[in-house]
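Single chain ahead, written as structure tokens, the form predicted alone.
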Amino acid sequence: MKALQCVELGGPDKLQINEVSDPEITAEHVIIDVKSASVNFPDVLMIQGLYQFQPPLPFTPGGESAGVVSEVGEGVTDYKVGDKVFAATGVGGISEKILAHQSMLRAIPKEMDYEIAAALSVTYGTSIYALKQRANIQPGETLLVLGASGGVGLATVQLGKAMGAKIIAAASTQEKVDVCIANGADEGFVYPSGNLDRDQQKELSNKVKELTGGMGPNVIYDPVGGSYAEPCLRSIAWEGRYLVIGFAAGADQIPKMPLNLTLLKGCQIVGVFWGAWAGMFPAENQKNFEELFTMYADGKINPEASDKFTLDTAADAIAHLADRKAKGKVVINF
């Protein structure tokens, strides 16, 4: 079978499409014939050796995929050959076949296609966990989303709106802000790109305060980090919740927050590690996905892919995300 492989650490230009051995079935696992896979920012970090969990070389990137079960191992009770499923495996998704443990699988609802299923798991799974379990967001609260036009950002815009929050979307271009407005954001603004100087940080903080009538956002969703983090924390409302999602600004720019701000604001800095939580609390995670399926059926969320690639151009898909060109989910179809 064909798979995208990282054979040496570096940028997307180092990735290769190679012939590799088909996976062999093992107990409690299934083999999936992949129809669609999705790209996330951890893939960008992983191929450079910058992610917190690093698979040994060579490896196949791709944390989520969707397809048809073609083989079932001993001990698998909930799935059979021919079932349409999607899987969150962390790695291995950008290949024609993948071996997945049954705990990583979910059946694809009848009204959902492979592209949608592949685009749903990581971004919407992360975002509903962040807003529901970690922030306990309430109707009428204000939610600021940084990097709002990216995969997790746009998912959060849609979910926050479905949960009754007022959404402020922050992105690097007006085109991206417009995408967020079209997906339910109430307001949006363009922030400067790159490493912000002190004046730019102050302008960012003041802009957020201005858009919230001086009160600040109740919840801040931050997948960016870097020099954007502290000025946004300075703008947060009393008893606000600052959600730490990731560090798209770069692993070398992980922010160090002044803890006196948490005292002055009575606020919380809250880590969001969906993968670990989902493994520890699978029943609660399943309830979240049942909510996501209902929201999708009701038209409240739309995990539609904005950019589509093929297996032969899969390295370009990761480069597209690395270059901050994505406006929503990036999907690879087989």
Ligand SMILES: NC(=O)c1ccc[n+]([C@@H]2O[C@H](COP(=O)([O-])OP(=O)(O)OC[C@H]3O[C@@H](n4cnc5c(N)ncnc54)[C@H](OP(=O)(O)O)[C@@H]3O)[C@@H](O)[C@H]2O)c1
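We number the residues from 1 along the sequence you see. Since we're looking at a predicted model, the values are computed, not measured.
Missing here is the form predicted in complex with the named molecule; even so, the following discussion is about that form.
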| query | finding |
| --- | --- |
| Among 207-215, 70-78, 172-180, 158-166, the region lying within 4.5 Å of the named molecule in the model of the complex by heavy atom distance | 172-180 |
| Exercise: residue 36 in contact with the named molecule in the model of the complex, heavy atom 4.5 Å | no |
| Any non-hydrogen atom of residue 40 within 4.5 angstroms of the named molecule in the model of the complex | yes |
| Touches the named molecule in the model of the complex: residue 272 (any heavy atom, 4.5 Å) | yes |
| Contact label in the model of the complex: residue 235 to the named molecule, heavy atom within 4.5 Å | no |
| One residue of 128, 249, 143, 100 in contact with the named molecule, assessed in the model of the complex (non-hydrogen atom, 4.5 angstroms) | 249 |
| In the model of the complex, the residue from 88, 137, 245, 108 that sits within 4.5 Å of the named molecule by heavy atoms | 245 |
| Partner contacts in the model of the complex for 301-323 (non-hydrogen atom within 4.5 angstroms of the named molecule) | 321, 322 |
